[in-house]
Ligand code: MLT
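The chain that follows stands alone, in the form predicted on its own, written as structure tokens.
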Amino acid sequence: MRHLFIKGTDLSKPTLLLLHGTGGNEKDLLPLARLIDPDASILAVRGTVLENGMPRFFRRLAEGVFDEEDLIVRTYELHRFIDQAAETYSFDRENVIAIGYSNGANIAASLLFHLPKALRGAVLHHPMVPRRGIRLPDLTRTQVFIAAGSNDPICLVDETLELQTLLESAHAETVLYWENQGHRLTQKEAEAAASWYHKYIDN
């Protein structure tokens, strides 16, 4: 998978896995990562699926309608890539925090839904429920920050609350932060994510 790895100045810190939104690339969330933890290592990945030339992490059938078969395949593909990257770059595979926006947040949530211990935690900006009707792995001690828009036309309030409920039913510890700027990833929610990180992850 096309990616970049930036070695941090403090190798005891988590490795931040950056997952962009539709049409983005591996550089999009670098400023957010540096805001959250300037000393951490970064593994930034570009989605392998193209939709009208725009990179994504999995296919969709329509706006808000996931191709579940492809989602599962791409989730396991990303998981294997993280495993390989941990060997290549010598970072702690058990200390990875995903930071995703929109489509990137959805694939990060899918890692949590499908694979035990895939992530130590996750920052999910404007995610949706990746799948329904499945049993989630035990997410005890997994920390998740969800940033959502109370007027987001893509990720509706009820879906955000459903995602939180599903994660908590699997024993994840969640914090939900609301903005009122639609589907935008705002500076305020980025700062809220950083505050969450320093309270629950880097403490």
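Numbering starts at 1 and runs along the sequence shown. What you are looking at is a predicted structure, and each value in this text was computed from that prediction instead of being measured.
Only in words, not in the display: the form predicted together with this ligand, which the text now covers.
Only one segment in the set 85-93, 72-80, 98-106, 112-120 has residues whose heavy atoms sit within 4.5 Å of this ligand in the model of the complex; it is 98-106. For Ile154, a non-hydrogen atom is located within 4.5 Å of this ligand in the model of the complex, even though that partner is not displayed.
Contact between Pro31 and this ligand in the model of the complex is not found at the 4.5 Å heavy atom cutoff.
Proximity of Arg60 to this ligand in the model of the complex: non-hydrogen atoms within 4.5 Å are present.
By the criterion of a heavy atom within 4.5 Å, Tyr177 is excluded from the residues contacting this ligand in the model of the complex. The single residue of 1-38 lying near this ligand in the model of the complex is Thr22, the criterion being any heavy atom within 4.5 Å.
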